[in-house]
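Below you'll find only one chain, the form predicted alone, shown as structure tokens.
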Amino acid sequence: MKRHYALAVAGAVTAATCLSPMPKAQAQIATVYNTSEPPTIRVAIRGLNPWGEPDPRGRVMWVQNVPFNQYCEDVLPNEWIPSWDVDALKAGAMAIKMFAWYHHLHPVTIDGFTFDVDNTTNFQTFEYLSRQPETTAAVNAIRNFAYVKPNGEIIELNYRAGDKDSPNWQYRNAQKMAQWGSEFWAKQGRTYVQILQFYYMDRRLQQYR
């Protein structure tokens, strides 16, 4: 978020300065201190493509209200590989959680439907009741924590597939986590927090309950 600073100017204050309109107060930013984790999230369900898969360009058919934690459980096995190292899965669980939390605070309206995310790669791939034991354990392991700016601001954590067997430095510079990179670093012995720190700079882990 850009901050605007007033400049102090030496000398007399002019009448024009006195008559200048006061700047509008900035909207309060959403932080883990003033914003609760959403109990549910609205997921737009899009139509299928000719191969029977949810189509990112498909028409919104309906909006499904899903418990927030369940949503994370039903996204992680579709975005990360369940057989990956546990710390790669935890890093992925945090990225998915913060991405969803941010978009819950910034809903959109399309085709007359208001929703937070859809079930496709437009946002995160969601498949109802697709959870797996390994990925569910990762979601539950980070359940009481958020990964936020130093002031606690809730922001989305973006990610991309990246290259296999690579640290994917290029994504670090872009403030995005590489999914394959998370597995690479986990195999090198890094914890999920260290993996997050590598890809997302100027962020910190915050317990909020």
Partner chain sequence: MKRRKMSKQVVGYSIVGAMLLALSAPDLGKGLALTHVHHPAQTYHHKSVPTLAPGSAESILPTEPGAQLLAVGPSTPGGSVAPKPSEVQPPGPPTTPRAERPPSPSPNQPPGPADSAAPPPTPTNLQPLYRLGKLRIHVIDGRTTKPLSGAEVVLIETEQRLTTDKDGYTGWFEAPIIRNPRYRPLIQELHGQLGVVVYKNGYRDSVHLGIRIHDEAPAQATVWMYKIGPGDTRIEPVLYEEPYHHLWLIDLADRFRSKSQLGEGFQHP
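Since this is a predicted model, take the numbers as computed values, not measurements. Numbering follows the first chain given and starts at 1.
Another form, the form predicted together with the partner chain, is not on view; read the next lines as being about it.
- Interface membership of N122, defined by any non-hydrogen atom within 4.5 Å of the partner chain in the predicted complex, is ruled out.
- In the predicted complex, the partner chain lies within 4.5 Å of some heavy atom of R160.
- In the predicted complex, the partner chain sits beyond 4.5 Å of every heavy atom of T109.
- Looking at W84, you'd find a heavy atom of it within 4.5 angstroms of the partner chain in the predicted complex.
- Heavy atoms within 4.5 Å of the partner chain in the predicted complex belong, among the stretches 35-43, 55-63, 147-155, 169-177, to residues of 169-177.
- Of the residues in 104-136, those that come within 4.5 Å of the partner chain in the predicted complex through at least one heavy atom are, in sequence order, T121, T125, E127, Y128, L129, R131, Q132, P133, E134.
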